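Both blocks below hold the same protein chain, though in two forms, and each is given as structure tokens: structure 1 and structure 2.
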Structure 1
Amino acid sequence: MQFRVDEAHEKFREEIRAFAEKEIKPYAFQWDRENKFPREMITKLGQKGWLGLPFPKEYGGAGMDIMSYAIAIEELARCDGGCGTIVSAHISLGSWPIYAFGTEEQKKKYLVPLAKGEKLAAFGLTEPNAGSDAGGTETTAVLEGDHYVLNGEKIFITNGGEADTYVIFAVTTPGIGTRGISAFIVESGWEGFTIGDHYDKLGIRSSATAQLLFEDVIVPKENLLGKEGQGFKIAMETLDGGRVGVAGQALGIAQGAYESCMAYAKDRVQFGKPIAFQEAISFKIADMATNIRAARMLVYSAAEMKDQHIPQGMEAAMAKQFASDTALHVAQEAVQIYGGNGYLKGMDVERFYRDAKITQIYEGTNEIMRVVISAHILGKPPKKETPILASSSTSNVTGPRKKIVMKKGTAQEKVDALVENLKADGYDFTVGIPADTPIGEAERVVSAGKGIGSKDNMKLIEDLAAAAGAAIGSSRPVAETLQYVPIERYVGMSGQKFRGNLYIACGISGAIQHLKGIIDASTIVAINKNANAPIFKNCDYGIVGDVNEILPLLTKALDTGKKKPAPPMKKIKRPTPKKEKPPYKIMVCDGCGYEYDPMKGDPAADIPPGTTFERLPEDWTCPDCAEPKSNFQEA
């Protein structure tokens, strides 16, 4: 294995370190505290050409190597982990796949402004049901003539809401697993593409992370990146390369924390000498330095391999895993060396400690890194031959649900249909519970999300709760940020869990953190004007409509005057899950009974795995008896 960092690289380090010391370090505390995206600093980085650092000059880049890129991310993160994240996601995740897989037209149109720093990029792979198991993608792109129609949701997207260009992964051929996923270039501002929740994070708070929502977004055919079905490989190869960036970021965080605590340890005197010279501390420093050096070797050697076009998937995973573990350990020890001072807000080691944690989690958890590394060493574990059904529309966070969503008809018709269904399920609206019943004990809850709008509209929730005989709940932002209800009324993963029968979610989009709090509800009703809101995939009954219009009608329909006290709660039974049918047709040869398997294709006839029956060439014949394609019947 070769390894070198030459003078030119060290000169470049000096340059970018000087930039980070001047443009990042003084502001990092404020950006962290205010969760503020450093737009001005990013513009300056772009003007220096560093947002296109590893791309060729002909595409607007700086034409530098991957080693310089790793050094750049390290130096930015040495002052602020979040800034490392922004740039690494822009270069490695958002821009690189366009460079590596884009057509000449796509590169000219999208890569050039990204590399010049005129635009910012993001990468949309993760979904509620597709995190480490990226093959579980549920976002769909359906080809209709000269365009695809994109529908779905992406979560935890770095640069989400700040970026202009997004590389998005979606299923184009359902039912065939990873081979049915394709990649697309999507622009911000396209109709139906909206930014959902911005996350309030533990660390890397200067970087923006948001949810992306796609509702019937028209994506021109020419924005398909690579070929149809190539998306998973594009994602995997992008992540393989991108891990050099995260590893560099982790290394920078470790370096920053190390330098800071060393300076403190030399200055702080206890028992008559600087604590740096107390053995307990000097040994910590020795261990930190050793681990940082080992991490640096791993990061730079993976970068060098990439520069020399040597496959580096395993080495990048090793670098990411080791450097991120080092970052967290070093930052933790740095806080320890600072003692009580290190526990205070405003101390850089406190921020480094929080920033470090994410590097063990994102762009592939360290557990996945070990899967990648061991698969390189041992080969892939054997897989079952059964077709992988893409976790289709039936999979959701809240378990099996009826998903009867009323989109058409007048508001009154939708409300009438909902009330009829609820009564048929056994709900008695002549009885009720007090509005302030603790969420964990309530049989029914009417809950408000951000979609409720202004505080005055809480009257709509109060009226509906009274008419439905329910307690009042809310999503987290409504209780915590907007403070429309007391904090103990907030339902969700980190709030109160609803275990009763009926949950009516009003203006709640259905972030996974909220849905985890209502998993045990017998019946979930969703009312939201965004037909694509994730809550609809997680509800039994849904009304697509404006809360201002629907809630008064529903209140009127459920109002039975003064409620009798509800009897002790009896749990209403939930629907049982339906058996999943393969999402493709099962086609069988009339002549010999051979069943065509899209997961296998027909290698002898050069038909690749992942080809559905419909896409087989018309002159294709049965591999067993040579009957023509037209003699196949649906089983």
Structure 2
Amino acid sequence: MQFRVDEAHEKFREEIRAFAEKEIKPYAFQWDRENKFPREMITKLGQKGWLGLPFPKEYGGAGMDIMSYAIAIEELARCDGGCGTIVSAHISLGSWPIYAFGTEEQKKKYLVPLAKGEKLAAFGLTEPNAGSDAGGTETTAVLEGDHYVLNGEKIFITNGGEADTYVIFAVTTPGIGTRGISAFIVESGWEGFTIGDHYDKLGIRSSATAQLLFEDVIVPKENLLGKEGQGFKIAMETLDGGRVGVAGQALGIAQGAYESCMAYAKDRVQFGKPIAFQEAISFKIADMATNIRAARMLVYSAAEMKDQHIPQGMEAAMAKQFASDTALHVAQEAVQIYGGNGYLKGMDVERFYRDAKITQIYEGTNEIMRVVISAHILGKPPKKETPILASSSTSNVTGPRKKIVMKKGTAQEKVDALVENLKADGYDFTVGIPADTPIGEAERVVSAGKGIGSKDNMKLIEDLAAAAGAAIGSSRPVAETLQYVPIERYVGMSGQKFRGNLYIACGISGAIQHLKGIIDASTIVAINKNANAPIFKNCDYGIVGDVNEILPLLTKALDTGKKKPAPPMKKIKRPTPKKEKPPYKIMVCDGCGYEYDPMKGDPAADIPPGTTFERLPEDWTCPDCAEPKSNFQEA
């Protein structure tokens, strides 16, 4: 490392900086304010070949090195953090695993248009119960003949809703933790693949971040990326390399904030001279420059190691952690140097400050980066005799629920079954409360989500609330964005908390922020046309169907005429659901009745916890009576 890049890299920096100054900087404030994805700018990047920077020319790429890629991300983020994010996610996360692990056919079909900039890529790993711990993945892919059937959801997906090609991770072998995860190439537009919530973020607002929903999506067998069970390895290796991109983003944000505040400090005069020459400010500028240089050395060093095919997991983690910490600190100091002006919308340092924070969080939080770094230094910790098998499902956001979801039968049959269950649970629909009862005081709430469609359909919600004797609530988008109800009526983690008995969610998909607002509900009812909506994993009763068809029938079934005033609320006890069957087999010895439990393994025979019966060595015998493996039956 020469502590500076060579002339060719600097020439490339000048070229991409000129592009960013012309095509990004003038529009960054507007994109941020409107949460607008800059499609035209991305198209221009593709036309220049910069969406395929590190990929070989034979696959449509520019044939450049990782150092050039890191510089490109840095320069884009120097003008707008969101634009750096879009390109980094496309190259490092969405396209790279196809290049590194794809077959020749997959590369020609998918990588070539991605590298040419004709299509955009995304990476789908994160789920409500699988963030830093990817072993909590619940999305499943079941092999049926010549295809897999994909079901589940992904959250916080960069380029979600804008990408054409997605690399998605799903469980193909339940019960064996990360060894059961596989990777797939999934195309937008496939039947059953829908885009859920688009997130309204603090920063990087020009980039799109969305929820992905999969309901019986048919994925051809040839779209398996790598081999079955190789998904966790693919994800971790992709993230290791991708951290160079995130570090480049952070470096660019820090550089942009530094340049902006330094120019302001030279121009702003107080006490007879520019504030840049006041000691308090000049020391800030000195510290900022020092940290940025140190971050740049770490970023470029990791990029150079990757170019030379030297393992750089620790170095990339160091670069990501230090550069992102630097970005936030520099942006914070830049706002401070601007003073009150820096706190105003429209000032680039205010935007840089918001953009910087996410670099400490995504593609591995900085806490996880320190875990990665320390693991490289210290090695593996001593073995623990703890089970590693995943349970049948991780704990639901709303706690244990009945999860009685009615998918089959006519709409009327589903409604009849729901009403019968609610009455059996003790709900009296001859009494009710006013529709405008505060959510926190309401015994019952009928809540509207985006799935109800147009504002005219709020009449369905109002009619159902009257029939159920309930107050009216909503998800956040319905109150804030669509403005169908007053803002104080939205239910969620940052809104009103519902602690009453009956919550009927109509057209609500079940984003984690909403679910956290209804944890204390005695009974949750979900009505949604998407059978794979997360709300169904968190409800007691559910109906899969169109709200336009279901709600009128449910209203009629609950309508008892004029409601009597409800007595003071008595909390209905939440029933304990039946224990779910584990996703693995417990096998019993024919000779002595010994039960082999995969959660325990067979330590005496060096069989670790987490080993399913099928994976036991063929010469393994019963530890109690030495019967062969073949003499075991499923319990």
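By rigid core we mean the largest C-alpha set that fits within 1.5 Å across both forms. Numbering runs along the sequence of structure 1, starting at 1. Bear in mind that the values here come from a model prediction, so they are computed numbers and not experimental data.
Of the two forms shown, the form predicted on its own is structure 2. With the core held fixed between structure 1 and structure 2, residue 65 has its Cα displaced by under 2 Å. Once you line up the core between structure 1 and structure 2, the Cα of residue 589 ends up 2 Å or more from where it was.
Core-superposed comparison between structure 1 and structure 2: the Cα of residue 26 travels less than 2 Å.
Relative to the superposed core, residue 624 moves its CA by 11.2 Å between structure 1 and structure 2.
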